[in-house]
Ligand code: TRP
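In the form predicted on its own, a lone chain appears below as structure tokens.
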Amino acid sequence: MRIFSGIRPSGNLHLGNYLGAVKNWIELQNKPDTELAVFGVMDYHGITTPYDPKTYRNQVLSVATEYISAGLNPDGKKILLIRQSRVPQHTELAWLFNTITPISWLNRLPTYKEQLEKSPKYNHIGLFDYPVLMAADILAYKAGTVPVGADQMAHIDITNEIAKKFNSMFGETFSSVKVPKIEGARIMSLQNPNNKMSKTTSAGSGQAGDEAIMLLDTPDEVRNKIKKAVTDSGSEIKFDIKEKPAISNLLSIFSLVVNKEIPELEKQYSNKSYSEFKNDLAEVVVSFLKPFQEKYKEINSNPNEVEETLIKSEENAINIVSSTLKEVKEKMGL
């Protein structure tokens, strides 16, 4: 099994990133049938939306440190942690895929229009072409397993269409990409349960504030955010996404953090108030984040070690994707 996944370094990781992605990466990296697991800090994707070039490099390094603190164990051989921009074959393969990808495929995706609504001034080809680079990220490693959230399924479909078209035009090269079932892939905003928890505000400007619990939030920040989290009408603590989306989201977080089934939590809080439920949720989240934050503090005290870990992974990644790129170029007559 070859695995690829990544997260944009548009800000520090939040609880939704961990429960919806990183937690699953950790489980996958340890499976006995995992031949290669590549996890990326997708810094080229990150510059398609507003960012600060003065702090971006340190931000990328901080996110990589968070990955390791959360439990990723890059050895530079079987498990790789890379910065996308340090493996240039990603973008070269994306250009080759651009020559066979119809514009109509990208036009039908909602991503471009959604991001443009958030940041109208960021209207550029890179934002429109984002899915082709994502396909190259995945197919460069001939990954067959891509753990991503439900909101990325349209991009995975495009990846498979590009792979299929390349195979049809130039000969069998890429296999179909599959997404494993991911528990907790849709952790929603604390302020708007109709939107996914994000590193930025739902309007696309600035940090998420009360909308997301960051992995590096202090205990008081966590308590304050959960206290302010929106709730639904009524007082019943019940999982019902349609009628009670806010409480359902908080129940999902509680369930994943303490590893309890939601029906068990519903029973436990059947005669309790929203306030009691949120107070307990805040404390279990604080306890859940404590080991991560201690590990982060330890690793972050030696940034050179993180840099060396990344470089070792990137050197091996370049060897792997260079082989794929060579094969692609030869088949295309280059």
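Only a predicted model underlies this, so the values are computations on that prediction, with no experimental measurement involved. One rule holds for the numbers: they count along the sequence shown, beginning at 1.
The same protein has a further form, the form predicted together with the ligand, not shown here; the description that follows concerns it.
- Residues placing heavy atoms within 4.5 Å of the ligand in the model of the complex fall in a single listed stretch, namely 140 to 148, out of 140 to 148, 234 to 242, 220 to 228, 93 to 101.
- Each of Phe4, Arg8 and Met42 comes within 4.5 Å of the ligand in the model of the complex, counting any heavy atom.
- Only one of Val87, Leu80, Leu190, Met134 comes within 4.5 Å of the ligand in the model of the complex through a heavy atom, and that residue is Met134.
- Interface membership of Ser255, defined by any non-hydrogen atom within 4.5 Å of the ligand in the model of the complex, is ruled out.
- Using a 4.5 angstroms threshold between heavy atoms, Gln152 counts as touching the ligand in the model of the complex.
- Mapping the unseen interface onto this chain, Phe128 falls outside it, with no heavy atom inside 4.5 Å of the ligand in the model of the complex.
- In the model of the complex, no residue of 20 to 37 lies within 4.5 Å of the ligand by any heavy atom.
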